[in-house]
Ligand code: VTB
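One chain comes next, on its own, written as structure tokens: the form predicted alone.
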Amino acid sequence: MGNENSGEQVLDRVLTLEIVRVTERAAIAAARLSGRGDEHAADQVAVDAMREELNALSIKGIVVIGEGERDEAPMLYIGEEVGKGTGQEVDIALDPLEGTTICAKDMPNSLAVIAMAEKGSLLNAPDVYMDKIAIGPGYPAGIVDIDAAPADNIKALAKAKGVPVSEITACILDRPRHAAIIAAVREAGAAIRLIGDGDVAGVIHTTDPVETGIDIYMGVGGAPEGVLAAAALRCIGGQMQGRLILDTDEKRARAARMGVEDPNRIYHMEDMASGDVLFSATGVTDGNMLMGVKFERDYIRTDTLVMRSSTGTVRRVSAKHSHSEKFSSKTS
């Protein structure tokens, strides 16, 4: 599926398919440990697989959203250089296993995710919380506002969609901190899809309410995940706002070191992901939009969405891999 519009194309189009292999390999590695109850092990094998595949690409890549800061993560940390060191300079945001807990429990919507953009195009967000609100494409700008009451956003979205509030479904992380939002949305008359983890998937689901049943995402999740979600929305369409939650002196100082000048700034989608953006997500476990990895007797099956902002193209890549396939090889 796709809708190719005119636009400036800065990144090599070959990278659109090469990053599919990056998320495929991470997803397969993580899926081998799905349901085993070991979050750390599943995350580590996904990190290792994604790093190896990235280093096979002819790029000069810098990880701007990764597994943590250098002192906290042995691989794919913020600031790490990846790729062969030849070719284009790119920013990379990644989550080798988005939804570590749900993978460990073999629950829905765990993904391997990566975004790639021209250098300087992705927000270098600190690993803190971010308040977020997101909707899919097809609405006038400004329909929802992060500072508006949850009920007001729900009612405005329903009016713009031309449906009663009762036909709107909000996706919210199931956390105690969201008790007031959940109560307000239900009091307004809308439905709620509570998710235990995986808020990148939650935001992406707003882009296709017919398939996923989700119209709006709201609440507090990780800032790195916010940048990844914004990258996906830049490609597929939608609106998003986010504000970093910098509620301690240490967090404010860390954010300042990463270039955040205004701790209260509201970031719009284009502030978090600009320029030519590529995005790829491969299902680890079965989900609303993507099938999880399937280990069959003769091959391994994967399901991936890969998108590009400059063309508006969205491809769904269903692949069969040999059990002996070496992903970092040149073969397809």
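Please read these numbers as outputs of a predicted model, since none were measured by experiment. Heads up: residue numbers just count along the shown sequence, starting at 1.
Unshown form predicted together with this ligand; subsequent notes refer to it.
- Stretch 96 to 104 is the answer when you ask which of 96 to 104, 227 to 235, 250 to 258, 208 to 216 has residues with heavy atoms within 4.5 Å of this ligand in the predicted bound form.
- Between the options Arg175, Arg186, Lys84, Lys119, the residue in contact with this ligand in the predicted bound form by a heavy atom within 4.5 angstroms is Arg175.
- Remark: Leu123 does not count among the residues lining this ligand in the predicted bound form, judged by a heavy atom distance of 4.5 Å or less.
- In the predicted bound form, Asp197 approaches this ligand with a heavy atom inside 4.5 Å.
- This ligand in the predicted bound form is approached by Gly221, whose closest heavy atom lies within 4.5 angstroms of it.
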